[in-house]
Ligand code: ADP
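Before any questions on how it binds or moves, here is one chain, the form predicted alone, in structure tokens.
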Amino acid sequence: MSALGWSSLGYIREVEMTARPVIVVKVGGSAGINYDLVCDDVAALVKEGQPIVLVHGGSHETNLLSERLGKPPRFLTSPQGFTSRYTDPETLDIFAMVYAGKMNTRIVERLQKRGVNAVGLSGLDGRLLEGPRKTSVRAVVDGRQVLVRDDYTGKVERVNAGLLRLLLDNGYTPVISPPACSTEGEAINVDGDRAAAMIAAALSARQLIILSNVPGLLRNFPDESSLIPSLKYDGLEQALSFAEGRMKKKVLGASEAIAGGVAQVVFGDARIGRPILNAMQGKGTVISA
């Protein structure tokens, strides 16, 4: 396989590995997340020799910009209860401005200030994240199911892990955001948590750490005292029954990461000091195979 070659089965497993297994960190885009603390921790760990791939969201900033531009965000709820952003071409432009523009640039800037040679990438760059655009999306509207056909969303099925390895092996820290690249070369909105799961599987990551504005998976949201400290893979389906809002997609991403060979996924808190290190040490919700 060439350095930038593709595998079958939807993701790549490279033979060549860096000296230490990679950790993939996904930091959400909700209000209340402290990106300075996250970047402090990335810098500390990278300087200690720990390779990290950072994946980020930008939902809160996207909502704010959408409101300012007079195009309030619209969300679709699937029959299974999963919520996603309705993404027509105009919304996709706003999405790209925030995710691949402001958020990605500012996170890379934070890391450069901390001495980390970060490289910002969207899923379009080098077809880093690729998958089919959905021909239609089934949603529940006013109690009945409808098909939405003009939605630019999809699911990541392939990761260009060779590109990420090339960067990691030469001392760079990838900072990745949606949108992804459709199989037809279109920009598509994809879920960041599930994209991070595919990246972690493709890189045979040591851990996938998913940071958000809560301490982990809560049995009774928003009661933080109801934190679930650990779960086994076979308990994730039940967790979907009580996970609220965006946490449903995180649970689904955890399931996909472990199915892809990642040994451990941790839901951690992005509001505290050393958020990544705390998650690495088991603070939050630890999900294992």
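Please read these numbers as outputs of a predicted model, since none were measured by experiment. Note that residue numbering begins at 1 and tracks the sequence as displayed.
One more form of this protein exists, namely the form predicted together with ligand ADP; it is left out here, but the text below deals with it.
With a 4.5 Å cutoff on heavy atoms, Asp193 counts as touching ligand ADP in the predicted complex. Contact annotation: Val38 falls outside 4.5 Å of ligand ADP in the predicted complex, judged by heavy atom distances. Put simply, Leu65 is far from ligand ADP in the predicted complex: not one heavy atom of it is within 4.5 Å. Ligand ADP in the predicted complex comes within 4.5 Å of a heavy atom belonging to Gly29. Think of it this way: in the predicted complex, ligand ADP has a heavy atom of just one of Leu252, Ile33, Leu45, Leu231 within 4.5 Å, and the residue is Ile33. For the options Ala139, Leu218, Leu168, Leu92, the residue carrying a heavy atom within 4.5 angstroms of ligand ADP in the predicted complex is Leu218. Only one of 141-149, 207-215, 110-118, 155-163 places residue heavy atoms within 4.5 angstroms of ligand ADP in the predicted complex, namely 207-215.
Residues Phe242, Ala243, Glu244, Arg246, Met247, Lys250 are the members of 226-258 with a non-hydrogen atom no more than 4.5 angstroms from ligand ADP in the predicted complex.
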